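Let's start with one chain on its own, the form predicted on its own, as structure tokens.
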Amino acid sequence: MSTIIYCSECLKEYSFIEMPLTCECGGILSIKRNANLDAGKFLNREIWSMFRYKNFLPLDCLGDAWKGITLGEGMTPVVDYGSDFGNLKIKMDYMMPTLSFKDRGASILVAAAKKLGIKEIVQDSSGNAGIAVAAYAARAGIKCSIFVPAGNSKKKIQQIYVHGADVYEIEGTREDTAKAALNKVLEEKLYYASHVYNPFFYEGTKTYVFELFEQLKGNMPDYLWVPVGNGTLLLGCYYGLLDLKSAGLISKFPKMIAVQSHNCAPVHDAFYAGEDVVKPCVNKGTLAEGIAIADPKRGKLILQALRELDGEVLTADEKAICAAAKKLAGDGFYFETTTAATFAAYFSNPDFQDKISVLPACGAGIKSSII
């Protein structure tokens, strides 16, 4: 089955070659799920990276482009938290080439750009996605410009620099950063390698769920927890679960628990207001910079995924984030603050602790930590 790209609003279809930034109606583009997945082809044990699931990835239009791009991303371990929380497992997804889970999406997105013959790309990010895209662009020989909020972690910004990208530090909000990047794209007619707009990124992050399925021997957890800003991991998990069910590998979905910062929680507010779309909020400032997204462009899709997965949305305040980061470090885990926010929500909600939960460690503490 060939890869079909379509508008999530009007359903208009596009080919890989003609795929625009958004549909002419303004809708966000997605990739149509393959209804003919073969469970017998789920796993290629000879490949030691996330591309062991290549038969469940939309690679038909990319050919072998991914082979020259991959840095061995994926295959991150799952560990038990310990006796304090006997039902809690952590997927150590920061154990990646650039130290965050964003490598999953960046490897496929940059492979797509390489296949199209793109010479220069632009991306905006709070840090981790920018680092990942910069690294894979360097490997692909593609010129790269990354836009980041000026106040974000200097360690992340330095990591983008060392990969050879041009870095633009933008004063203002995360949304101001995105606007500045988009202006450059439109003015100079460049390729927008956006982890928000480009649907191939989400096809990479869905391998997080594929690995969990393999590592837990088909026994998916009761609860999947994810931090939510633009929904990069949440939607990836959702698409991965749909694929697993389509192939007959699972019969039911785990419950999705999304976590936002109390100071920037537009998805939380829309979800409990019964809205179908996410309205922009005011970002009051949060240590969890990776989810400080006041206007998630895929908000409608995030809400749909949460409701289909019987989801809930929790928030963590700044005091709880700090406390969680310190507890984690005291128990041997050094994660960045966005990951600490997810754990803060878990620690504060004992009602979810009686069944098996998996939480992602999305980024290494060396990138952004308060301790």
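Worth saying up front: this structure is predicted, and the values here are computed from it rather than measured. Sequential numbering from 1, following the sequence displayed.
If you look for the form predicted in complex with another copy of the chain, you will not find it shown, but the lines that follow are about it.
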| request: Have a look at 213-221, 117-125, 244-252, 271-279 and name the one stretch with heavy atoms inside 4.5 Å of another copy of the chain in the predicted bound form. | output: 213-221
| request: Would you kindly say which of Asn230, Thr177, Ser145, Gln159 lies with a heavy atom within 4.5 Å of another copy of the chain in the predicted bound form? | output: Gln159
| Candidate from Leu301, Ile170, Met95, Leu190 lying within 4.5 Å of another copy of the chain in the predicted bound form - any heavy atom | Met95
| query | Should Arg45 be counted as a contact of another copy of the chain in the predicted bound form, where contact means heavy atoms within 4.5 Å? | reply | yes
| request: Find out whether any non-hydrogen atom of Gly86 is located within 4.5 angstroms of another copy of the chain in the predicted bound form, and reply yes or no. | output: no
| said: in the predicted bound form, is there a heavy atom of another copy of the chain that lies within 4.5 Å of any heavy atom of His163, even though the partner is absent here? | reply: yes
| message | So in the predicted bound form, is another copy of the chain close enough to Lys284 to count as touching (4.5 Å, heavy atoms)? | response | no
| Are there residues in 67-92 with a heavy atom within 4.5 Å of another copy of the chain in the predicted bound form, and which are they, in order? | Thr70, Leu71, Gly72, Met75, Thr76, Pro77, Val79, Asp80, Tyr81, Met92
